[in-house]
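A single chain, nothing else alongside it, follows as structure tokens in the form predicted alone.
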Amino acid sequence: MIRRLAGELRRRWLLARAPAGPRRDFLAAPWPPGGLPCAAARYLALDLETTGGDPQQHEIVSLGWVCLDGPRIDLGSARRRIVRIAGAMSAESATVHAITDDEAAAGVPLDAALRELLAALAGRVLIAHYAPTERGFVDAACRRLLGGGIAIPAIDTLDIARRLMPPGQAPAPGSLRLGTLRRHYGLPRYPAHDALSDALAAAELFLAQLGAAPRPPTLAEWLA
């Protein structure tokens, strides 16, 4: 409950200072009520592929997202956008996400991808596996391109995995990875490090976790 209240207050503070534009339009949508059952909320599962782990130094290479209305995944909403990055793609980065310099050069400007994402995300709760990455990179991009930071309600499937463990049990090494958790729930294996397939993988994992919860959770209980 405290996380939702703090997030909603930050949203209002940012909205009061935001100029007209896509960032203000996003911030104008209130966060969903904390007492809303998770099974009844609206979501957008997001994954980002980046050139590194620091939002202040590294760039977004691609974005993938898909919307959920309650427990229904809307595959028609699925989007994958490759971004035209400013710097060169490192060999290590290209190896991880298999996006070449030529593909990145033909991508869309980050500004355009960000505007499209914010329009789809407005009024929804973000789902991501280790949400600080997605929140951090989107916030940094908004600060660089749209005039200020952002406040996004989020459910982190990695955090939920920890919460669903028996009390006092520490996670085994590697057990909280997206692919490992999907195998735990009997979900199919998808290609890793593709933004859209990872977003869909996180959406399905969230629904599996929702079904495994000891009782139906509310948004306030599961928000990161």
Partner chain sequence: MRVELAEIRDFLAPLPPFSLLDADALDALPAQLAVRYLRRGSDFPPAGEAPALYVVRKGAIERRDAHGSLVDVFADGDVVDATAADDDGSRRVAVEDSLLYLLPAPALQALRRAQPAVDAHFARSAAERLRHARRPSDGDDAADADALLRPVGELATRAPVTAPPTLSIREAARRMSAARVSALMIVDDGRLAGIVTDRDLRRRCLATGLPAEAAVASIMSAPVAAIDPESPAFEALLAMTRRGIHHLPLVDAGGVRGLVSSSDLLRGQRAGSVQLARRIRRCASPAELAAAAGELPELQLRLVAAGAGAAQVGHALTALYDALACRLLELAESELGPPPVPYAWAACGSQGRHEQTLRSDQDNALIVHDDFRPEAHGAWFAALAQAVADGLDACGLRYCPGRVMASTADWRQPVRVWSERFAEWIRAADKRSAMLAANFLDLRVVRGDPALLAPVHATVVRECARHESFVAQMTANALENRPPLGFFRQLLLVRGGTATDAFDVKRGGLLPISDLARVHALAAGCAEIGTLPRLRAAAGGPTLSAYGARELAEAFEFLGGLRLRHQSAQLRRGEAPDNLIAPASLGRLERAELKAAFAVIERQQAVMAQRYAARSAT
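These numbers come from a predicted model, not from an experiment. Positions refer to the first chain, counted from 1.
Heads up, the form predicted in complex with the partner chain isn't pictured, but that's what we're talking about next.
Colleague: Check each of R124, R135, R115, R81 and return the one that places a heavy atom within 4.5 angstroms of the partner chain in the predicted complex.
Modeller: Only one option qualifies, and that one is R81.
Colleague: Just checking whether P191 would be counted as a contact of the partner chain in the predicted complex - the rule being heavy atoms within 4.5 angstroms.
Modeller: Yes, P191 lies within 4.5 Å of the partner chain in the predicted complex.
Colleague: Going by a heavy atom distance of 4.5 Å, is P19 a contact of the partner chain in the predicted complex?
Modeller: No, no contact at 4.5 Å.
Colleague: Though only this chain appears here, would L9 touch the partner chain in the predicted complex if you measure heavy atom gaps against 4.5 Å?
Modeller: Because no heavy atom of L9 falls inside 4.5 Å of the partner chain in the predicted complex, the answer is no.
Colleague: Counting only non-hydrogen atoms and a 4.5 angstroms cut-off, does P71 reach the partner chain in the predicted complex?
Modeller: The answer is yes: P71 has a heavy atom within 4.5 Å of the partner chain.
Colleague: For the chain seen here without its partner, which of 181-189, 40-48, 23-31, 152-160 has a heavy atom within 4.5 Å of the partner chain in the predicted complex?
Modeller: Careful reading of the contacts points to 181-189.
Colleague: Any chance L196, L207 and G211 all have a heavy atom within 4.5 Å of the partner chain in the predicted complex?
Modeller: Yes, all three are in contact.
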